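A single chain comes next, written as structure tokens; it is the form predicted on its own.
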């Protein structure tokens, strides 16, 4: 099927799988990945899963949603969708993003500037269904027909009439999980239309009204976090055991023996990490502990429910889940009486606890929040740490900009100044800063690992980031040169871990990824041995 033939009318009416993803159509990568035969294979869903699961968009299944068994089931799902659609444009029901969503529905010049900015659309070989305006146009037509007064009449007159059929809704459901909500499209729009917000609000209908979500975000994510304390499933006792183990490991690696402050009332700072760091990248919370101890910062960690995990997956799909987790974070900070919350190296936790939580926190819960990037910058500039950047001279470094931290919040320079202070061989990717490209794991993609969705992530949504990494190191791409991608975000590291493994980036090119604080500790002159262990893990 030609990729140029898909229209919204096809999307709503055509039966069967709409698009077949073909790696031969994806944009070419730089050497040494400029040949298809050394790139990972794209797995097709089995015949059994195609029959069982809704996958008629592009043959990929993120939601694993079973096909309805009869027309009655389809009718009920359509009715729920339309009910959620109306609530989306009701000021009493949608207390978060009503105004920007309304403006996005009413105004779009169809200039397609956003399409040029979208890495998924471009890397797919410019498949129309991935164009940022494609899903927005569908929602816009549904809004004008089913929500606005006289919509049914005017829809027929305008020639933009579409019916809310289950075929269309099932495809739209999966399409809402083909966007990382990096919001490059929103930044590029000359009139402020936010197609990234459309993605998020569509997911909200499916979650809040229909109970349809990606399992790692909801059941294994925010629900698990509210029940056990962490989206990882790590409850209080294992968390404390982990911290005790990491204290011993820090002593072994650095000779520094100290207890990590825990549940310390009246500390200046409550530091909240993404709990995934303790399990997947423990060197990151270790490095934070070393830096804050050496700098004499008054802070504490918390072992209370949710407060040792900065994750808040609701920010990507559900207002209710978002508010529940955010209020848990604020309540623990209030009880401890800290002056502020500092968020570790986690981009979406920054977005959740700062920009979006501003819509939830009031009164005593409205505790100041700060990025760890600015805190680290302050520590480095104060001279509290003795640093020697030449201790990192055996590697060339670059910096990945997490979308939520940089494009959304405008935290651009602090992490760069820190990096320049600890690395003589730092070079920038192009483009960077607020014009950066997503890691490909945003909006829950990094933790969605079922069926063939990881192939979509590794080969399409992460492809531009892979190209940037290869380009920035192209003159030293051979494995005899050590290269380090500094990614101060747990979610981005998760996406990079899978992408690096899929392409064999460490083995073939000797490129490693990691956080910012690890480079800082590696440059501390008071620590004898290198802190960064140059091995794949």
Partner chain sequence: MNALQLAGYVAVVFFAVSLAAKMIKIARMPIHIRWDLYPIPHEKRKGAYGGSYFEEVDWWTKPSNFSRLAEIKAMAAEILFVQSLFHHNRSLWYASFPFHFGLYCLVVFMALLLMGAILGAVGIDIASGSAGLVGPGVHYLTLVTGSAGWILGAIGAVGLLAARTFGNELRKASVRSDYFNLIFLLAIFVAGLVAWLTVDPGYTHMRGFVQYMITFQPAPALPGSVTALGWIVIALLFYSPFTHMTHMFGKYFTYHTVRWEDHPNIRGSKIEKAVTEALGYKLSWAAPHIKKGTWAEAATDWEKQGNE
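Since this is a predicted model, take the numbers as computed values, not measurements. Residue numbers count along the first chain shown, from 1.
Another form exists, predicted in complex with the partner chain; not displayed. Remarks below refer to it.
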Three-residue site 87, 351 and 375 fully in contact with the partner chain in the predicted complex at 4.5 Å by heavy atom: yes
Of 449, 227, 259, 386, the one that lies within 4.5 Å of the partner chain in the predicted complex (heavy atoms): 227
Heavy atom within 4.5 Å of the partner chain in the predicted complex - the one residue of 425, 126, 220, 74 that qualifies: 126
Partner-facing stretch of 288 to 296, 156 to 164, 461 to 469, 172 to 180, counted where any non-hydrogen atom is within 4.5 angstroms of the partner chain in the predicted complex: 156 to 164
Any non-hydrogen atom of residue 394 within 4.5 angstroms of the partner chain in the predicted complex: no
The partner chain contact in the predicted complex: residue 136, any heavy atom under 4.5 Å: no
Interface membership of residue 277, the partner chain in the predicted complex, 4.5 Å heavy atom rule: no
Partner proximity in the predicted complex: residue 188 to the partner chain, non-hydrogen atom cutoff 4.5 Å: yes
In the predicted complex, residues of 355 to 381 near the partner chain [heavy atom within 4.5 Å]: 355, 356, 358, 359, 360, 361, 362, 363, 364, 366, 367, 368, 369, 370, 374, 375, 378
